[in-house]
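Just one chain follows, in the form predicted alone, and it is written as structure tokens.
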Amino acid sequence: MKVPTQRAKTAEPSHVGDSFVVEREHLEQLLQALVSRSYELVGPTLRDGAIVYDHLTSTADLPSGWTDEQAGGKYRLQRRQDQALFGYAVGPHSWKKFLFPPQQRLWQAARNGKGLQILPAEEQAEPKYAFFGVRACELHAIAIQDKVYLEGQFVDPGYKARRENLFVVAVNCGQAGGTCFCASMNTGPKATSGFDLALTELLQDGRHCFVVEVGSVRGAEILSAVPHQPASDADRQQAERILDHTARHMGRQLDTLGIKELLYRNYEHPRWDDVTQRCLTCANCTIVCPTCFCTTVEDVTDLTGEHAERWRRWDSCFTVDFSYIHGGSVRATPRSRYRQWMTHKLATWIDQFGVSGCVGCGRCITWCPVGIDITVEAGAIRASDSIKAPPDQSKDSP
């Protein structure tokens, strides 16, 4: 029997950390509240046999009733038994393509007599994005990209402008994907920071609603435009049970105890030769990874030679050209390139940025054509390692 829906209302101004309930039929008003404030909505939708992040116009664009089956080198969509809007894990896209576009023109120039004239940059306002449906692991990935582009001596102005305008609606995970291991990385399945609003989807006894946690003053202001009611203890307990179940049913696990030192002392481990026999150096793992940030710079001209442009494009440490210098490539073999990627992700990244470069989303496993699994590779090296980390050693985590 369907449980009667309580009469929704707009509560008193909420505070950061407060929890409320928004019924499924009122979720559309949350999206429209963002649109009315000139946000460009981006979120999960169905396209080309996958759940991808793209522009949204309404809740009708969300993948209602769909889930994904993921394994090493395998991704398939399947119908669910209910109409959950967020009943999937993560797809091939990450949010970095909106904050740090795959290609970006840096400058352009035109021939001026015998010289060149640098043309002024086109005045173009950066988009004001609202990300809808960001998972906990992806929030950690965005925080890692912040370290790359916003901290230190050099700040990326385009990333900074897009990031400052960003509104984030997170979604806590109601199920773990077949290749997920965020629980091992302490990055999920619950969003703990970095969001304006965080949703936990509840479907029980005919009721479909969302427990909404306020994460910022902006989030409270948006929520005030949506019918909602205070979350009851029962609502909050149900949400916690869902998250506990998700954490206990991860598709993968990774032992991160002393992993940085483990990889440093196994730089010549024979397992690197084993993975070489399988790796295609296709760069899929780096393209789908939400934290990888390698780029290259290309100069192009028109056929007349009168106009030139410089572009920054995504690149990958798996390409031969990426480490090419005069005389040849520094990493000429698949062995050296895979070792560079995995060691950077799980070890040298910690030295470089103070956090792991892996958030446990599992994309690199799912979208590897031959199913190479970073958790299996790390486990194989650990299994034959002669030095065991002390049991009280602190855990490396993002």
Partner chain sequence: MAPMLEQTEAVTAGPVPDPMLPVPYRIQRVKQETGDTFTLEILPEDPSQGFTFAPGQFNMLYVFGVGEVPISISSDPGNVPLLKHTTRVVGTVTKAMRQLKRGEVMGIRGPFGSHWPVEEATGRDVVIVAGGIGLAPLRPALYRLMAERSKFRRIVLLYGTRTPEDMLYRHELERWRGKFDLEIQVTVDRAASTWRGNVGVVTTMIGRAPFDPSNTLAMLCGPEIMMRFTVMELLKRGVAAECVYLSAERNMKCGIGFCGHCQYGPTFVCKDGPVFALPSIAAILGKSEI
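Residue numbers count along the first chain shown, from 1. Bear in mind that the values here come from a model prediction, so they are computed numbers and not experimental data.
Keep in mind that the form predicted in complex with the partner chain is missing from the display, and what follows is about it.
Of the candidate stretches 212 to 220, 244 to 252, 71 to 79, 314 to 322, only 314 to 322 has residues with heavy atoms within 4.5 Å of the partner chain in the model of the complex. Against the partner chain in the model of the complex, the set 261, 270 and 380 makes no contact: no member has a heavy atom within 4.5 Å. Contact annotation: residue 52 falls outside 4.5 Å of the partner chain in the model of the complex, judged by heavy atom distances. Contact check for residue 35: no non-hydrogen atom falls within 4.5 Å of the partner chain in the model of the complex. Proximity of residue 193 to the partner chain in the model of the complex: non-hydrogen atoms within 4.5 Å are absent; the residue sits far from the partner. In the model of the complex, the partner chain stays beyond 4.5 Å of every heavy atom belonging to residue 60. The listed set 225, 282, 116, 143 contains one residue whose heavy atoms approach the partner chain in the model of the complex to within 4.5 Å, identified as 116. Of the listed positions (301, 103, 237, 83), a single one reaches within 4.5 angstroms of the partner chain by any non-hydrogen atom in the model of the complex, namely 301.
Looking at 273 to 303, the residues that come within 4.5 Å of the partner chain in the model of the complex, counting any heavy atom, are 293, 294, 295, 296, 297, 299, 300, 301, 302.
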